[in-house]
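There is one chain below, alone, in C-alpha cells, taken in the form predicted on its own.
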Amino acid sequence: MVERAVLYDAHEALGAKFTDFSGFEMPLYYSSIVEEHLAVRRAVGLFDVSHMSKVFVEGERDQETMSRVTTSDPSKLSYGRVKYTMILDEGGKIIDDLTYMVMKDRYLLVPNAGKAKRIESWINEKSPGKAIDRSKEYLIFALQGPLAEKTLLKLYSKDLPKRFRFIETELEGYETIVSRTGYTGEDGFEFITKNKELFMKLLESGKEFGIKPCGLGARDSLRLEKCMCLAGNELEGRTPIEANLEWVIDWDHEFIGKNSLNRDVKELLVPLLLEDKGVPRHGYPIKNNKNDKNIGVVTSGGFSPVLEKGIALGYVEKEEAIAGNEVYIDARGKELKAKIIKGTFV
C-alpha cells in the first residue's frame, strides 16, 4: 500500500505531479525537473523528503552499538556532528547508506526511504543497544542552494551550523533539528521537525530569492551531477570498495562485515560523460569501444541540465575503470560514445 505524503494537499495546491517511490506518494516535480534543478544550482529550492527514515539508537551502550553496526567510529565524534556512513551485512555488502547525528544521549539515524524497519530490526538483532523507528513522528524538509542560508536567516537569525554539523533549536515554535546537509551537492540545510507549516513558511521566506518547490526528479538529477549514489541503484549487493566509497570506512575499529571486505574487486563504479547526443538509462550495457566487449552496466543515467549532456554512473571491469577511457553505452541498439571521467560532472 502506498503511503500518501503528510503535506499532500499543500503539494497538490502548488501544482505537484506525484510519483510512487519506495512505498510513498511524493512530488516528482511542480513546474519541470530542469527548472527546479537549475533553481537549486543557481539560487534555492525546497524539498519535502519526509519519506526518509528516522531511527533512534538509545541506551547505555549506544556508542558501542553504532561502532558495531556502521563503518564509522562514533568514539571520534562529538555532540553536534553529522556522519555519512554505511551499514553492511556479514559478507561486507551494503545494506544501506545513511547519515547519523551524534546527540547528547542518543543517535539519530536517517536511513533511506522504506528502510526503517529493516534497519531497526538489524540493529536490535546484531548489537547490544536499542533501535526505535520513529519515522512517522517527524517530517524532513531540505532547503538547498547557494541562497539557502539567506533564505533561512529571514526566519532564524541565530548562529547556523557549519557543514556536516547540526543544532537542536526552536524554530517557528517547534523543537527542530537543523543540519547543514543535503543530497544535491550544494550548500543547504535539512530540518527534522513536527511542524507541518514550516514548508510553506520557508517558501515564503525564499520568494525574493526565486525559491522553487522541488520534487524527487530534480533531487535525482542533482545528486547524479555530483556522482552521489542512490541506494537501490549503485549500492545494494555491492561493497563500499566496489562503489569507490572506501573513504566511509574507519578501519581502526571492528564492525559487522569488516573481515569480509577485500580490495581485490572485479568491478568499480565510475562516472560516464556522453560525447554523443542521447540519454543513458539504468540497465544499459557498457561496452569496450574497441572490441565491442560487454564490460559493465549503467546503474543511474540521465540528462545533466547544467552540462546539457547525458551522464551516467555504472559498474565496469576494474581494468577498464580508468579516467579518460572511451567506451560506448548500448542504448537499445544505438551506440552512445562516452568517456570515463574523474571526479564529479559539475
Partner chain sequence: MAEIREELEYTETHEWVKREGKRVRIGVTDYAQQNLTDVVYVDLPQVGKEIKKGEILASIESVKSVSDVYAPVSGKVVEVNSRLNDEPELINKSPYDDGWLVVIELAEEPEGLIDAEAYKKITEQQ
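Positions refer to the first chain, counted from 1. Keep in mind that this is a model prediction, so the values were computed, not measured.
Although not depicted, the form predicted together with the partner chain is the subject of the following passage.
*Asks:* Residues in which of 288-296, 59-67, 29-37, 45-53 have heavy atoms within 4.5 Å of the partner chain in the model of the complex?
*Replies:* Among the candidates, contact is made by 29-37.
*Asks:* With a cut-off of 4.5 Å between heavy atoms, is K337 one of the residues that contacts the partner chain in the model of the complex?
*Replies:* No, no contact at 4.5 Å.
*Asks:* Contact between V306 and the partner chain in the model of the complex at 4.5 Å, heavy atoms?
*Replies:* No.
*Asks:* Can any non-hydrogen atom of Y315 be found within 4.5 angstroms of the partner chain in the model of the complex?
*Replies:* Y315: no, not in contact with the partner chain in the model of the complex.
*Asks:* So which residues in 272-310, when you check the partner chain in the model of the complex, have a heavy atom no farther than 4.5 Å from it?
*Replies:* Residues within 4.5 Å: K277, G278, V279, R281, Y284, F303, E308, K309, G310.
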